[in-house]
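Consider the single chain below, provided in structure tokens and representing the form predicted alone.
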């Protein structure tokens, strides 16, 4: 008798983030409308869609950075691993250390390059050796060490815009997060620096879960492992990059991602 054949499908990576029936509003304006999605760990997930579709609001909701915005309210659940973002983190600082954020425009603080890297560790008692090790490790991970190792005491403001953005990534990495939230990280830099940051993102995704907002559809095609297409506060479609950028995607997805026109 012939043995039974068993079909084996490719394993889906464990979910680092799960969003369930989530809505968000600024006052009476509903920006995100009852969406559900998942983000696999150690991968790059790009949030795509036209302006006003809810991409940045969703990203900021993942580490509650909108908590202090007047009139901002949410419904539904967001889980990072097994912990609920709203109920499982009484200390929002701990949540933001777990899910670090880098913004569209590089935000460097007054002070040296080294001080910027260590900014998020101010409350910890660290020796000079530990500080030096963390600074070097973080700058190496952000592909900036070779550029600045000889001038760590120089003001961070003396770096180019592209270098400043990588410094912001190094600062986020210094607190050892599991997740990196990137809000259009290449929007303010030149094309050469943008490609360097894209390469860095792909390298970091081997060790970190990365969720990235981008308006550059071609960039998403280069860096994404998975894409989520949002329009008017709703998830139109989500899936692996190869599916999302193919003729097998939904008509609205194809129109936006392949023709760069919104038909929502």
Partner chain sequence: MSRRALSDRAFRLAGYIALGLCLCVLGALLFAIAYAGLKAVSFDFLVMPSKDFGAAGGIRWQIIGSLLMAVTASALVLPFATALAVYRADMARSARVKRFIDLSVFSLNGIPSIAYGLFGLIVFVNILGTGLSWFVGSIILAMMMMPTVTHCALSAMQSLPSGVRENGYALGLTRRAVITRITLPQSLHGIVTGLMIGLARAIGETAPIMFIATAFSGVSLPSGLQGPVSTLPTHILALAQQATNPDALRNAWGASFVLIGLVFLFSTAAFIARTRLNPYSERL
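Numbering follows the first chain given and starts at 1. Nothing here was measured: the structure is a model prediction, and the numbers come from that model.
What comes next is about the form predicted together with the partner chain, which does not appear here.
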Legend entry - Proximity of residue 122 to the partner chain in the predicted bound form, heavy atoms at 4.5 Å: yes
Legend entry - Distance check, residue 226 to the partner chain in the predicted bound form, heavy atom within 4.5 Å: no
Inset, instruction - May I ask you to state whether residue 109 is within 4.5 Å of the partner chain in the predicted bound form, using heavy atom distances? - result: yes
Legend entry - is_contact(residue 65, the partner chain) in the predicted bound form, heavy atom dist at most 4.5 Å: yes
Legend entry - Heavy atom within 4.5 Å of the partner chain in the predicted bound form - the one residue of 134, 144, 85, 97 that qualifies: 97
Inset, instruction - Tell me, out of 113, 182, 139, 172, which residue has a non-hydrogen atom within 4.5 angstroms of the partner chain in the predicted bound form. - result: 172
Inset, instruction - Specify the contacting stretch among 75-83, 97-105, 146-154, 126-134, defined as having any heavy atom within 4.5 Å of the partner chain in the predicted bound form. - result: 97-105
